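Encoded as structure tokens, the following chain is the form predicted alone, with no partner shown.
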Amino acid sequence: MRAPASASAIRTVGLRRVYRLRGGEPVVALDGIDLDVRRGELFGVLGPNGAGKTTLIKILVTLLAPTEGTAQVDGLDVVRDFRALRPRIAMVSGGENSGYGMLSVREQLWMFSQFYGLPSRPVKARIDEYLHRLGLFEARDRAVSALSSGMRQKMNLIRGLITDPRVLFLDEPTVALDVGAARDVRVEVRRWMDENADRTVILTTHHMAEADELCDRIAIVNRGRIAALDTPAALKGAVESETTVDLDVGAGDDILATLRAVDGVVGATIRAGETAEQLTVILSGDAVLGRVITTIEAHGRDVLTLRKREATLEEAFVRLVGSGIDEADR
């Protein structure tokens, strides 16, 4: 089936998904998602666990049917045209253990290529090219069961690339990877896209810096709806009129809820540090800082250091969702 010519790689209209639990209230996972992803775009989907992003991806890759609304990928309807669509897409999830551990890396990749009916000789050359590019060629004859987590994830990425999908879905592709392996994955994804202007990538990630570096546009999903959709620069720009302050504070009582109730505090997150807790506070203006410090000291905490800085994508997320992504997950 030929997909109709379209500038959209993905288009959804009024997409809803409701889970009906036996003996309980229905759970609305998606509540009217309207989305238009352009061809050639690296599009990020951010949100805490339970926000609906996994449900959205499952619908787009034809693993789940919507309750209401429509979704098209590469011009094909995900419900009506799923058989024609599946050869055009690929999905790679972080930490997955698909395949057979007794096979070698090269055998495993060749096996997956045959599921798609690809000609054997050219696909073997393509496999070797990707093994070279991702630094796995020396491990090509090693059993999959003997690979490190980083090597296995690179192999999984190659599995997604060798079929030359029109739309590639990457679900947490660098989770649990070290800095070097994560960088290799990001470099290869961007290089793969640069080779063909029609290739599209949908990325879900918990790493804000990764989304900021890679994505052309980002949708922040919260409670089944799109809370914001724009470029990383524009999302950060929306909070640049506010003041972001990092503080190292001494140990003491929990102050997060109290700080968030202070007039002029837009958002606040806290992390455990080696010698102190690291507090990030987003303020409506510089004048609020005095009230914040007074509140911290009233709880018996010492302010050890204070730094004012430019807003990050994580601050934009906090501004829209109300908490950091890790805290929202919990």
Partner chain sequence: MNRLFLRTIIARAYPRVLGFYRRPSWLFMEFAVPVIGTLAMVYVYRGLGAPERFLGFAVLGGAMLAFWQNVLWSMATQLYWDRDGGNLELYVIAPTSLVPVSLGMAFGAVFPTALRAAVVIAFGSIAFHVHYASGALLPAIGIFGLTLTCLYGMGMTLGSVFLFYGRDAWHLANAMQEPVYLLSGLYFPVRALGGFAALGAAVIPMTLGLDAMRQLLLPGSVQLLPLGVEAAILGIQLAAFAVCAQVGLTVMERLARRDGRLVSRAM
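What you see is a predicted model, and the numbers here were worked out from it, not measured in a lab. Numbering follows the first chain given and starts at 1.
What comes next is about the form predicted together with the partner chain, which is not displayed.
No member of the trio I127, H132 and R217 reaches the partner chain in the predicted bound form with any non-hydrogen atom inside 4.5 Å.
From the list 111-119, 203-211, 187-195, 251-259, the contact stretch for the partner chain in the predicted bound form under a 4.5 Å heavy atom rule is 111-119.
Although the partner is absent here, V266 is not a contact residue: none of its heavy atoms lies within 4.5 angstroms of the partner chain in the predicted bound form. At a distance threshold of 4.5 angstroms between non-hydrogen atoms, R17 is in contact with the partner chain in the predicted bound form. The partner chain in the predicted bound form comes within 4.5 Å of no heavy atom belonging to V245. In the predicted bound form, the partner chain stays beyond 4.5 Å of every heavy atom belonging to K154.
Put simply, of L304, A287, A298, A65 only one has a heavy atom within 4.5 Å of the partner chain in the predicted bound form, and it is A65. A heavy atom within 4.5 Å of the partner chain in the predicted bound form is found for one listed residue only; from D230, E172, E107, D164, this is E107. In the predicted bound form, the residues of 11-39 lying within 4.5 Å of the partner chain by at least one heavy atom are, in order, R17, L21, R22.
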